[in-house]
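As structure tokens, one chain now follows by itself in the form predicted alone.
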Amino acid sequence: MNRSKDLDTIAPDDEVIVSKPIKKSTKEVSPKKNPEIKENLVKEDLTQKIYNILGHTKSPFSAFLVRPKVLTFAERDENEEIFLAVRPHWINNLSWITVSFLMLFVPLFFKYLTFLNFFPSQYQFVAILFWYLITFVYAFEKFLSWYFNLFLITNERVIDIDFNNLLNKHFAEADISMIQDVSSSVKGVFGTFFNFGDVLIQTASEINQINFEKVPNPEKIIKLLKELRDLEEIKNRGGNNHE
């Protein structure tokens, strides 16, 4: 029997092979059976709740940093995540900024100091440079004290880092599970208008209290601590998830 020359035509005596479609597995891995997936879902849920409570911040010079990417500290654990880093509200810097600004104009009054006229002009110029150097050091030291005075809330603990000067640093911390009570206090016209105050954290650890002083948005800080305490209680009770 002659075969058809048409390649698309099948001869009657040819064996017809029907290929069975490959069934794709529709079975999905349940988060309950995969601890890694469950842990990632819990982290995503907690991250979203943090943003809902605190909002977002971008500037590294902000006094209220939500989940900062570049900020770290020497005592940080390997898997420790910083949820919030706060500094004293920027309005508290107005005093030293004003003093630094006024110090810039002090050399203008040197000519009225008659005893300086006995010194050569070169020495007077050096005296003016020295005064500006003092002004810069004063302003820079005040800025560093504000910038590095940090109050941190991580997934493990609350931390108070006091940076008094280049040679004096104080570190205090307490685990989230040790927090017993949290209260806030907003005082004065400026505190009410600019929404900053103190957050007092009572703990059952060796350091019985940690005080976040003159920090912005104290009510948001309390909400975050409550959320972390609730999550810690669920973990301690052996809960499987945080709903």
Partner chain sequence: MNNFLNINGLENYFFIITKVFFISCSFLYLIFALIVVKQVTSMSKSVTDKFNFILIVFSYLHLAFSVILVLTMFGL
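What you see is a predicted model; the values in this text were computed from it and never measured. Positions refer to the first chain, counted from 1.
The same protein also exists as the form predicted together with its partner chain; that form is not shown, yet it is the one meant from here on.
Engineer: Among 96, 136, 90, 110, which has any heavy atom within 4.5 Å of its partner chain in the predicted complex?
Structural biologist: Flagged contact: 136.
Engineer: What stretch, of 173-181, 65-73, 213-221, 199-207, brings heavy atoms to within 4.5 Å of its partner chain in the predicted complex?
Structural biologist: Checking each option against the 4.5 Å cut-off leaves 65-73.
Engineer: Residue-level question: is residue 150 within 4.5 Å of its partner chain in the predicted complex, judged on heavy atoms?
Structural biologist: Residue 150: contacts its partner chain in the predicted complex.
Engineer: Heavy atoms within 4.5 Å of its partner chain in the predicted complex: does residue 129 have any?
Structural biologist: Output for residue 129 is yes: heavy atoms within 4.5 Å of its partner chain.
Engineer: Though only this chain appears here, would residue 101 touch its partner chain in the predicted complex if you measure heavy atom gaps against 4.5 Å?
Structural biologist: No.
Engineer: Residue-level question: is residue 125 within 4.5 Å of its partner chain in the predicted complex, judged on heavy atoms?
Structural biologist: Yes.
Engineer: Heavy atom within 4.5 Å of its partner chain in the predicted complex: which residues of 93-109 meet that condition, in order?
Structural biologist: Not one residue comes within 4.5 Å of the partner.
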